[in-house]
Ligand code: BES
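Presented below, as structure tokens, is a lone chain in the form predicted on its own.
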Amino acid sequence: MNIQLLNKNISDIKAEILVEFLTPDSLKEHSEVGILNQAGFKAEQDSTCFLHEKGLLFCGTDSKKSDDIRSAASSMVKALKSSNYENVAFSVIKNSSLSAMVEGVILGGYEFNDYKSKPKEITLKEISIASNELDYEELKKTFDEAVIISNATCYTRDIVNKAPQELNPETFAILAKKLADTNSLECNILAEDDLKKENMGAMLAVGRASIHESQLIHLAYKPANPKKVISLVGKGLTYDSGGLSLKPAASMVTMKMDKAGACAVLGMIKSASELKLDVEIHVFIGAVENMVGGNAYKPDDVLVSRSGTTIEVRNTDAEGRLVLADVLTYAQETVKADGIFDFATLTGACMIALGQYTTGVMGHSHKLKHDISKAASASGELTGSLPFNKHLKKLLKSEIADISNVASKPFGGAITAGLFLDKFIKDENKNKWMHFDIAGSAYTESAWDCNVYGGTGAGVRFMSEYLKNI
């Protein structure tokens, strides 16, 4: 399915179907209001109505704001994919909504069919957007950026959706190397022997029961004169059984998505390099598989992290923070960055706190939280801030080690996980670091907004927006 922006009037574009977005107010004044009323179309958000004999498709939207247009465009493309039309066209409503239209089409039209023996054939081949009445050059730049970011989001979704027998730590490293070759990025892979030399004791413990060797992946995008240097750190649990603290069977399904943080940071560097942003970006990924075996790490083990901090293991299913502890330490020692952002499907508690649609944001800098919130709002992604406090920090106290990997009480679980990571952030980097818990937002089993079943690509759009603003 191809999407294009044309410097033409909508009437000059040859298309089988023309699409119109209608609010309840604009419906009342439309020339087809009579027949639309007969069809029961009330222009409610995400509703659609075909007038096949007139070659028209109407899409309902509560307003002309970007969030509503994005969702309506997503419903539009799903309706079109269920039809037998090959090409359609619609007009840009206003410059500020173009990105939302593009995202709605590309993200709402996304499908992952790699494992279907006979995927359904889609007739829809071409979607044209008319822009004759507005500044075409400005619109073209907006359009191209939206396509790049949307495609990077779909790239992230593809990796999240890959089955664990196909994507393990070693094949994840190969995939990252392929992206580096395609996008002219620097690439360095640390295999298990290298990780041992780097004293990555926490990360190695998590992966030692797997038949697949753990990998630390470092990609770098280095433009000529960068304005800032940003490190992006991703949790890459290619599968998480829970280890000896075994997950219930039902909870183990969808655990291929525990690599979503790592997939997201790959999508971010892909987007930034194709947008040609003048920001130097380093991606660090801890790719690990948490399995069960005779050599699995155990509750009661005491691990020595790369930083030298000792960690009492009280639950082997709190493994992502152990991996991130070592990767965050390595990232800080390898690159002097102006911003350090980690992305992880870290806690179910974040979903309890914020719901499944919202990414949890934690850190010390109020300015950074504000900037991220602003970028997220502009991108159409949902974020919510969870506050650190000294009383919750006490729950991570260990009697036999420097810190416990889980809190002593089941309250504020997302925040205590963030506070655990904070232990491994150097003092000089405290106000440069943000932790993003994408446990709820990274994967969905029911469609919402422009997200379809499976990986959502959470984080790619708002971090691309943030990096653009730099």
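The first residue of the shown sequence is 1; numbering continues from there. Every value quoted in this text rests on a predicted model; they were computed, and no experiment measured them.
Below, we turn to the form predicted together with the named molecule, even though it does not appear here.
- In the predicted bound form, every residue of the candidate spot (D240, M257 and A439) has a heavy atom lying within 4.5 Å of the named molecule.
- Although the partner is absent here, K94 sits far enough away that none of its heavy atoms falls within 4.5 Å of the named molecule in the predicted bound form.
- The closest non-hydrogen atom of G293 lies beyond 4.5 Å of the named molecule in the predicted bound form.
- Shown alone here, D317 lies within 4.5 Å of the named molecule in the predicted bound form, counting heavy atoms only.
- Proximity of T345 to the named molecule in the predicted bound form: non-hydrogen atoms within 4.5 Å are present.
- Stretch 345 to 353 is the contacting one of 304 to 312, 366 to 374, 273 to 281, 345 to 353, since its residues have non-hydrogen atoms within 4.5 Å of the named molecule in the predicted bound form.
- The partner is absent here; in the predicted bound form, the one residue of K394, K228, K247, K298 having a heavy atom within 4.5 Å of the named molecule is K247.
- A heavy atom within 4.5 Å of the named molecule in the predicted bound form is found for one listed residue only; from L419, V406, I425, C59, this is V406.
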